[in-house]
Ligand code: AMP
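Let's start with one chain on its own, the form predicted alone, as structure tokens.
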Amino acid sequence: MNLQDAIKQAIRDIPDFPKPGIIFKDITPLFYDQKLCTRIVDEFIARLDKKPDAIVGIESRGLLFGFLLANKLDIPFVLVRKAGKLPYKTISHEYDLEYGSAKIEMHEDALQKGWNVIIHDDLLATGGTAEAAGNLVKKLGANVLGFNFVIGLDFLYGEKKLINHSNNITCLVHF
């Protein structure tokens, strides 16, 4: 089975989560199949035009494949988390959500100036969180080489927010 079909078969749809009318794409079943996980990481690597200096993973599900990817590339892995979750000195970026706002943080010493990084998350929806992560990367003087997502929800047009940082946007499957 090709990779796209294997991912789509493994993803579980959860209706009305986290609120009525939303169909949540649950990636947790992917982690039950280690061969599929390896194929996913290998595909992200195969799509790289240039080896990054670090992978930036967005809490929470972006940390999972992001770490595996960084580990296989033998490069640093940097966490982006919700405000108040990181123990050391941080920089933050606040951004708007559909209802309200959110704030994410990164350790202030996580990236070196001039580094080229890939920002990784599980799913690209409206692009707000990934765009905010791109702003954190730039605050530290690093460059956004690209974005990686397992899933892209194309009907929400999240790529439009990200092309200000990079037009190198990888989604392994599209809905």
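Just so it is clear, the structure is predicted and the values come from calculations on it, not from any experiment. A residue's number is simply how far along the shown sequence it sits, counting from 1.
Another form, the form predicted together with adenosine monophosphate (AMP), is not on view; read the next lines as being about it.
The closest heavy atom approach of residue 127 to adenosine monophosphate (AMP) in the model of the complex falls within 4.5 Å. In the model of the complex, adenosine monophosphate (AMP) sits beyond 4.5 Å of every heavy atom of residue 107. When contacts are judged by a 4.5 Å heavy atom cut-off, residue 10 does not count as touching adenosine monophosphate (AMP) in the model of the complex.
Within this chain, residue 39 is remote from the site of adenosine monophosphate (AMP) in the model of the complex, having no heavy atom within 4.5 Å. Proximity to adenosine monophosphate (AMP) in the model of the complex, taken as heavy atoms within 4.5 Å, picks out 118-126 from the listed stretches 29-37, 118-126, 47-55, 133-141.
The partner is not shown here, but in the model of the complex the stretch 9-28 reaches within 4.5 angstroms of adenosine monophosphate (AMP) through a heavy atom at 22, 23, 24, 25.
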